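In the block that follows, a single chain appears as structure tokens, in the form predicted alone.
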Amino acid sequence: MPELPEIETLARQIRPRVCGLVFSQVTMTEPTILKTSAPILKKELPGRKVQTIFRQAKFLVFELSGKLNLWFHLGMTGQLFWAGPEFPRDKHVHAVLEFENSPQGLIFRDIRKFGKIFMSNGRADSWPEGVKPFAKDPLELSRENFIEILRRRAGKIKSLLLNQRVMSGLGNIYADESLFEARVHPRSKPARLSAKRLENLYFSIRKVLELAIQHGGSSIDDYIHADGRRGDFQNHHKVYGREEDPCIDCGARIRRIRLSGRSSFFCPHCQKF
């Protein structure tokens, strides 16, 4: 599933191309991804100008004229392209958003159909059923808030980092990479970690996320850029997906365990429990 760096990359790519444009026509063909009904979207979007585009947690948000927001969540296999009529419209293309005086538009493609598109007036209480509010992400949190949030929670550190109600934006890839950077075992409990180690984890997460954004995110399965290019950060992973490979720092074999139903990759020497 695309995480914070991937969505931030899309926001930065699409923003200069789309801001200032006015929707002209909307085509929606897959009801399962729509949390706002197709008739409402087709009625409300045409004629509205895109004022700005930003990332909120793992959502891509279009702020529109008339105080409406249009939200995209890519789910597991969603892709958002900025392309023209030559783009192949296969069975996995579920939404096409066209703009006045522009030969190119936004094309939402999703093989597994776990993505979401919905509209709101900007308030979380106006969100449709099935879309839960999320917590702040590590780039928004202060060091003190980060430590306080983790300290008052029970559970294993990796599971807490993945919990979007505790902290948003992180998924399996960047949680594993950040824990390795901070030399923290994924099974560690925050209450047993010193304030200094939690502070180190905070800065490690921010370092990993910012580096991943610089590399355009990780293209492992379905994630690609709005222009069809791939991200590059998968070539810089230190532990994620590297089971039995040697650790780049100490040479020990990277191990994989299961936590909360997810694979966790770590170095048993660098990340002692």
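Everything numeric in this text was worked out from a predicted model, so none of it was measured. Don't overthink the numbering: it's just position in the shown sequence, from 1.
The discussion below concerns the form predicted together with the DNA, not included here.
K.L.:
Quick check for you: of 137-145, 178-186, 151-159, 193-201, which stretch puts a non-hydrogen atom within 4.5 Å of the DNA in the predicted bound form?
P.N.:
After filtering at 4.5 Å, what remains is 151-159.
K.L.:
Indicate whether the DNA has at least one heavy atom within 4.5 Å of a heavy atom of residue 87 in the predicted bound form.
P.N.:
Heavy-atom contact with the DNA at 4.5 Å: absent for residue 87.
K.L.:
Taking heavy atoms and a 4.5 Å cut-off, does residue 24 contact the DNA in the predicted bound form?
P.N.:
Looking in the predicted bound form, residue contacts with the DNA do not include residue 24, since no heavy atom lies within 4.5 Å.
K.L.:
Spell out, yes or no, whether the shortest heavy atom distance between residue 164 and the DNA in the predicted bound form is within 4.5 Å.
P.N.:
Yes - in the predicted bound form, heavy atoms of residue 164 and the DNA come within 4.5 Å of each other.
K.L.:
Considering only heavy atoms, tell me if residue 262 and the DNA come within 4.5 Å of each other in the predicted bound form.
P.N.:
Yes.
K.L.:
Tell me whether 73, 91 and 240, taken together, all sit within 4.5 Å of the DNA in the predicted bound form, counting heavy atoms only.
P.N.:
Checking in the predicted bound form: 73, 91 and 240 are all within 4.5 Å of the DNA.
K.L.:
Note that the DNA is not shown here; using its position in the predicted bound form, name the residues of 49-66 with a heavy atom within 4.5 Å of it, in sequence order.
P.N.:
Stretch hits: a single one, 58.
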